[in-house]
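First, one chain by itself: the form predicted on its own, in structure tokens.
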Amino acid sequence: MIKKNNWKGWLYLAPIIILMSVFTFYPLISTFLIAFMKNYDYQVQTSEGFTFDNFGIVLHIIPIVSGNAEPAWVTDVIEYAIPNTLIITFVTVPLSIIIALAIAVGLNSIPKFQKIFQTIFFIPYVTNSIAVGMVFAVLFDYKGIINFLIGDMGSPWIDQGAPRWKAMIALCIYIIWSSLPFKILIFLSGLAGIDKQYYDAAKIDAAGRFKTLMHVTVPLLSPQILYVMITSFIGAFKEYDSVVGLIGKPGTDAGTNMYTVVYYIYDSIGRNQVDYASAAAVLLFIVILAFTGIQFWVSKKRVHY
């Protein structure tokens, strides 16, 4: 009977399978194929055969050779996109998780006002990221409130001629702030599921708040922390809209010093360099897959279900 009715299950799944095939599987397979095509022309869908050169060009290992012209080097990825993406990932992810956990624990200790503050903290999550980025752009303007508070009016953060490190600080602050609501919500849901008897036992053992947090709350929240960590790392590696929302262009000068890997991919597609963009996308996919695998491997010993 079960085998006879299998067609009904496939019928129900057909719409989502078709959509995923068109908008997920086909683009993914095409990206992998294009990454290995030499001199791929997106408009006429032609190439000069199979090659690994696209990866070498993107990683600044080999130059672009075109006819009798001088060899050209792609430097944006190795000089800007990869360092910027790594800085964003390894600065914003740990800090946002720690801050979100601290806020969630604080909200959990005031149940009367928890719903109100939870709504307030969640508002940025449902607000358009570009709109929020524009607000932060005003705050970090050379005549904005940040410079007013530190008494350094006229010093650029994200405007023309701003130092790269100052723009990166502003960008990291924006990313951390905008990523907090989702993490806080996940941690609050995890805290609601912790049995109060664990905290009662900690009180009997005269454990302080910090020890209770580190030896009771954090271990029991480890599944939620793992989930937030994995999704945060993936999101940070794919960071793009924050740069567009805050800075609006790939650099704080005439160059591309605020490139991220995904920003480079989009920019390369706009310049009809789809083969280089696909190679960068495949490399990013491999890096994300590797980091996710490492986190799952570490979680076997650190996560308690």
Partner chain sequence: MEIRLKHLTKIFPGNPKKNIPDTHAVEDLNLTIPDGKLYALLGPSGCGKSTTLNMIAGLSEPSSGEIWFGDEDVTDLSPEKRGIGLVFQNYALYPHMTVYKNVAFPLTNLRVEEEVKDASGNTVLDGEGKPLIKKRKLTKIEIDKLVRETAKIVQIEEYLWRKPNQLSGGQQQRVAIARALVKHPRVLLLDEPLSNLDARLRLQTREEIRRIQKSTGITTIFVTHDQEEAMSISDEIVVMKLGVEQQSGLPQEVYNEPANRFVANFLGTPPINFFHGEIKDNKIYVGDAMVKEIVDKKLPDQKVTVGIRPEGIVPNPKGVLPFHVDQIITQGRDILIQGDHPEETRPCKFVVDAFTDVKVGDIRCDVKPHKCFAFSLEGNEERIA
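Because the structure is predicted, anything quoted here is derived from the model rather than measured. Positions refer to the first chain, counted from 1.
Just so you know, the form predicted together with its partner chain exists too; it's not on screen, but the next bit is about it.
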query	finding
In the predicted bound form, the residue from 71, 219, 161, 193 that sits within 4.5 Å of its partner chain by heavy atoms	219
Answer option from 148, 117, 90, 198, heavy atom within 4.5 Å of its partner chain in the predicted bound form	198
Heavy atom of residue 203 within 4.5 Å of its partner chain in the predicted bound form	yes
Residue 211 within 4.5 Å of its partner chain in the predicted bound form, heavy atoms	yes
is_contact(residue 304, its partner chain) in the predicted bound form, heavy atom dist at most 4.5 Å	yes
Its partner chain contact in the predicted bound form: residue 207, any heavy atom under 4.5 Å	yes
Stretch from 230-238, 106-114, 211-219, 175-183 whose residues place a heavy atom within 4.5 Å of its partner chain in the predicted bound form	211-219
